[in-house]
Each structure stands twice: as C-alpha cells, then as structure tokens.
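First, one chain by itself in structure tokens, the form predicted alone.
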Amino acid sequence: MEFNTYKGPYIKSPNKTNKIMLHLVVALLPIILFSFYKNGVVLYKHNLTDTYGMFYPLIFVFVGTFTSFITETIYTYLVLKKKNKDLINSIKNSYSFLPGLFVSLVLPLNTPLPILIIGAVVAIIVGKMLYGGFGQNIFNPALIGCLFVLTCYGSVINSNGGYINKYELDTIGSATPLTNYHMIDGIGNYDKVVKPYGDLKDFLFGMIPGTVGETCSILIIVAYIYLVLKKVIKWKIPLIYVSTVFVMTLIIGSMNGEGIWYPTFNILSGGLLFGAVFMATDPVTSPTTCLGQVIYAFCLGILTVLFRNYTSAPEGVLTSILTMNMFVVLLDRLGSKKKESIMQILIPMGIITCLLLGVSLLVGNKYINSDSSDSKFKIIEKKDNYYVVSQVGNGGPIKAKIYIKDNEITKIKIIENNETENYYKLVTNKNYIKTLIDNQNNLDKVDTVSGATISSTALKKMCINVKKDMEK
C-alpha cells in the first residue's frame, strides 16, 4: 500500500456544517417572529383577522419548510434508492428544510399555500436534487422556486392580495414601495416615494409592505453582524453589494437634485438587504476566492440598479443573484490566478469601475433628460370622437379605444393587452372603469385595484394622458 504525503499548512475550521446551519436558523428566527408580529398580531389587534389568521405567518413558514423536507425525503427514497440509515443520514446532512424555509421568506404572505408548496417542491427538485443534491447545485434553490412561482402564479398571488396585508391595505394602499416608485414618472421625490409609507424609520424597522422576510432592515443588519462574527457567511459580499447600490443611487440621486434619502430608500426597499445577507452568500452558489467574491458583489450591485431602472420588474435582486450564479465558476478561476499577475486584478476591477460609473451616469442622465410627458403612453390614432392609445402595464402595452364627447371621456374599450387572465379580469372590471370615467377630472385620487396595481395604474394614467392631450 502506498501512502502519499503533502506539505501543509492545514487549517481545520471549528465550524462544522451543522453548527453553521444552527447559526443561520438563529439569525432567521427574529425575522420570522417579526413577520408573525407585523402580519399576524397587528392584524389581530385591529380586528382584521381571527386567531388562525394571527398565527398564519408561522403556519406559512412551517408549510414551506416542511414541504421542502418531505419532498427531498421522498426524492431520496424513490429516485436515489436510499433506505434506512442511508436515507436518514442523507437527509440529515443535506439540510433539506432550508430551501423551503427561504422560499417562504421571499414570497408574499398572500401566496396561496398550494402555490407555496409548488415553489418549495420546485426549489428542491429543480434547484437542488437534479444537480446532484447538497453542494452540487449551480443556482440558489430557493430563488429558483421563487422565480417559478412569481412567473407562473404572479397574477394569482396579486389577485389574492399580493404583498399587502389587510392592515397595510387600509393605512397605506395597494403597492409596495418599489412598485410605487416604478410607477412614478422620472426619479420622483421624497413626498411621492417615501411619505406614502411614513418615513425612512418605517423602512428601517420594517413597517412597510413586502415579502415575509424582507421588510425589517434592522433585524437583517443584526443578522448580518451575527453571521459574520460566527464566520457563517462571507462578509465581503453583502457589504460590497449593498455599498455598490448605495454609491450608484447616490450618484443618480445627486444628478437629479435629490439628497441622501434616495440611496437610503433604495437600500431599505425590497429584498436587497435580505438577498445580500442570506441569498448572495449561499456557500454553494457564491465564489470561494477573495477576488471572485469582490467581483461577484460589485456585479450584483450594478445589475440590481440596472434591472430596477430598465426592466418592468421593480425588484431586481432575485434576477441579479441568479444571473451571477452562472458566472461563479469563471470568477473562481479568475480569483485563483490572482497571484500570477497584478494585471489579472487590475483589469477586471477597472472594467467594474467603468461599469459602475457608466451605469450610474446612464440612469441618472435618463431621468435628467426625461420630459414631463409619459414615455409609457402612446397615441396611435386620434379622431374627433375617440382616441386609440396604449399605455405600458404589468405585462406590456395595454391598447384601448377611448370615446370622447365635449372633451369628456364617455367610454373605455380595451382592444389589446399583454396581461395574464387574472390581471385582465381585475383591471377591466366594469366598476373600476366606471370609477375612472366618473372621476376623470380628479383621477389622482382614484385608488388602484388591489392585486393589479401596475396594470390598473396604467389604465388610470392612460385616461390622465388623454385628458391632458384634449386640453392642448
């Protein structure tokens, strides 16, 4: 028998995988309990739900977590043919509950439980097991499950209430902060972007609409510090990711005369902090080399700002992380060669710096050069008694024929649309269209349709734009 010996040094980490996972769950627990308070206890106190509804946030998280666990168990037994002790050890060492736990935290609470179950199943099978199981997956499993759900069932979730709980529906309205920002023409201002939700303290402490786990920024920041101190996550990735978004939005805001509130809003809105701390740092789907982590984090920030300002989706974090997951192997190869040549560090960092500044200036200039007209509105045909116009909605342009008489809108007929069936039913509701016609001289005060905020806003803006054109 031949024994091979190798020179050290060898460093053994005291952080075993099960200890790491325990720290991860400890960090998530306050976030889960906060969701229970915000989406359950607060509603119960205001008589907006019953006892079941109060505990529903915890039930929601449990269903996603348990589905993930049981799905992997069944897959391992039926497909991988593991039984008895092999089955137990495989499930124990693969942490099968985590993808479902994270799926439940990155979806809206109003996601129907059957759809949540589908998301957890997809996360385990498509996002994890088809790649070979724990440690072999290319993409973050939870984000794969979330993307599948939002793509296939987004309209169903929105028709069920979307991201807004019943208390927020009464006190705030029907849109999340990023959705509201996405619907504003231009860069907006503090009164339009932040004030509808209170002030930035409400964003910091989580009293804003959002997914189950993303709203309480202060708890996510505490979780980041805890996980870094316990050496569970890579500190560089969240810090550089968030800092990149902050610097870029600071440049964009400064170019448009806005203050520090604008980058702060971008940091505290949506799933940026949660994604940066819990998703972008996934040890399997993020780089292991120092240079790879730095490039990865910078690119995440650049993509997030780009997606938030140039796509119809207001979030950008999910797609940014999944996009960068594809390049992890390449980044690690680049990072592993960093000692061979200083140019292998300077060249990619130079490119990243140019991209960061270039995208910031591009977005900032876009808002500077935007005029008072609505770029999402288009007049296709104009006659004495009607307009044929289009306005970009949730799925794309909504085309309508708007009949007029004596400079008043008398009828709205939808000709073409790219909305899903559920969105279309909500938006073309006769009562909503009648409300638009009846209140055509005071449309700013007309509420949007809960569950179809972007599309119903598009119809409202369409009417506003037609009215403006008639007054010329």
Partner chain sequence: MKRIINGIVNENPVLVLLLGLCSALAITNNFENSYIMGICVTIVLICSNLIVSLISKYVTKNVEIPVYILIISTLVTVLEILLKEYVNPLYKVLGIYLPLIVVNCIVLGRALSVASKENVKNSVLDGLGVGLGYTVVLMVLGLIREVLGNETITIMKEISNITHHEIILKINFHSDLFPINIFNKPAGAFITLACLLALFNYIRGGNKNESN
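Residue numbers count along the first chain shown, from 1. Keep in mind that this is a model prediction, so the values were computed, not measured.
What comes next is about the form predicted together with its partner chain, which does not appear here.
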### Query
Taking heavy atoms and a 4.5 Å cut-off, does residue 391 contact its partner chain in the predicted complex?
no
### Query
Would residue 385 show up as a contact with its partner chain in the predicted complex if we use heavy atoms at 4.5 Å?
no
### Query
With the partner left out of view, is residue 155 within 4.5 angstroms of its partner chain in the predicted complex by any non-hydrogen atom?
yes
### Query
At the 4.5 Å heavy atom threshold, is residue 197 in contact with its partner chain in the predicted complex?
no
### Query
in the predicted complex, do 61, 63 and 97 all reach within 4.5 Å of its partner chain through at least one heavy atom apiece?
no
### Message
Tell me which stretch of 204-212, 109-117, 254-262, 267-275 has a heavy atom within 4.5 angstroms of its partner chain in the predicted complex.
### Response
109-117
### Message
Please tell me which of 151, 353, 84, 311 lies within 4.5 Å of its partner chain in the predicted complex, judged by heavy atoms.
### Response
151
